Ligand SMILES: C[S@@+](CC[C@H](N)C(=O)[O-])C[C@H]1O[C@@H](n2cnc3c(N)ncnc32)[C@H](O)[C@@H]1O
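This document opens with one chain alone, in structure tokens, the form predicted on its own.
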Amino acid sequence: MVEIGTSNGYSTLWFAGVLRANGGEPLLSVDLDGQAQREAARNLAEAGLTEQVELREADGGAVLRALPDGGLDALFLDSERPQYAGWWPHPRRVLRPGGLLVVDNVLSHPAEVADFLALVERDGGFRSTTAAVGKGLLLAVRE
């Protein structure tokens, strides 16, 4: 699983806990903000989840471009929303069939994700829905 947008590690903690409980591979969590990565590292250490996460200070789009085809079970985007459309088609390419794309803040910032959501819809290779949880989550399964 890959998370683009670590921030202070709130979502990272949830994902890492689930991955550990289910014997999953470590999470790769990416953020350009080194200070946020350090804060997330402290939070992960406090929760005893350091070994379940690889924190990487890097550009999310560059990381997506470098990932292998079909290698991810899940991709969580919670970063610079207007950049997502420029990352296309990599979010689709890196997910295996049956893989899950999750995009946060789709209800709270609809204009910032509109172009990306249109790409997902036009692709035709996803079954998707929007969950009115928190600030809104796009949940899209690659067919």
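Numbering starts at 1 and follows the sequence shown. Fair warning: this is a prediction, and the values are worked out from it, not measured in the lab.
Below, we turn to the form predicted in complex with this ligand, even though it does not appear here.
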This ligand contact at D59 in the predicted complex, heavy atom, 4.5 Å: yes
F116, heavy atom within 4.5 angstroms of this ligand in the predicted complex: no
Partner proximity in the predicted complex: S79 to this ligand, non-hydrogen atom cutoff 4.5 Å: yes
Close approach of L138 to this ligand in the predicted complex, 4.5 Å, heavy atom: no
Residue stretch of 46 to 54, 28 to 36, 64 to 72, 91 to 99 approaching this ligand in the predicted complex, non-hydrogen atom distance within 4.5 Å: 28 to 36
